[in-house]
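A lone chain, given as structure tokens: the form predicted alone.
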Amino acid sequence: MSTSRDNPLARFSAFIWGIGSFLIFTVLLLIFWANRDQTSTLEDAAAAKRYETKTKVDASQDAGLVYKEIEPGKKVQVPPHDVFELVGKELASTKPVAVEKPEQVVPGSATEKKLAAAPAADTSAIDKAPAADVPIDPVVMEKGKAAYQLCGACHNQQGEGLVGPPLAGSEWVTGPVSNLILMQLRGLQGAITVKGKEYNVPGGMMAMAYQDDATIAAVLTYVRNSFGNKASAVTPEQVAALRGEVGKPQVNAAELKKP
């Protein structure tokens, strides 16, 4: 005897499941669509606020750039195109002059060659042994520590060396003060031996002559008394005494005093 596959109960169950799935799908679709509309509405509102703000800013800027006559025949805050035209005419009629600041001397220029041919500065007074047991000013050390953040990019923040040679335990750091000042004012190029190892950084060390005398003195004092180093402080007067070296080519190890 064969069993019939046409079972009304099975067909009714399948129908109910189908209706249920359709309803669930419809509800999910409606929820998604409602959220999509809400997101779109919020974005439109935010965009409208941005456009409103931009309109106000543009109007404010335009108001500040129009002609304003403060007295008969005298106007101020002219439109930019008039300013550009005036500045352009003045620049075109101005005769260029040589830059006087030595730290802006162009490498290879006649001025740099003239400076390079000048006699070396007398550093004997700068390197004269300081009075014994002179305390290091904590304020100077803090200022030097802040300035050293730039130096640490090459020498490591702990003075262990990175791209540049190490400063911790370096004989050049605790040696003659004039060496460090010259490196700061002129930069350093070529090979230099530190703690028995030769270093030759491509391009060398850049000059830091843009820093004032007090800042250079502070950072050198910090380096000479950090990372296990112990040496005398560097004074702004010592740095000022070698300002005439600014603009000369980068110094090399042969020009420095042996530590």
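We number the residues from 1 along the sequence you see. These numbers were taken from a predicted model, which means no experiment stands behind them.
Same protein, other form: the form predicted together with a small molecule, not shown, and the subject of what follows.
Using a 4.5 angstroms threshold between heavy atoms, Val177 stays clear of the small molecule in the predicted bound form. The small molecule in the predicted bound form is not approached by Ile136, whose heavy atoms all lie more than 4.5 angstroms from it. In the predicted bound form, the small molecule sits within 4.5 Å of a heavy atom belonging to Asn200. The small molecule is not drawn, but in the predicted bound form it has a heavy atom within 4.5 Å of Met206. Contact with the small molecule in the predicted bound form, defined as a heavy atom within 4.5 Å, holds for exactly one of Val140, Ile126, Val105, Met183, namely Met183. Residues within 4.5 angstroms of the small molecule in the predicted bound form, judged by any non-hydrogen atom, belong to 217-225 and to none of the other stretches in 25-33, 230-238, 217-225, 49-57.
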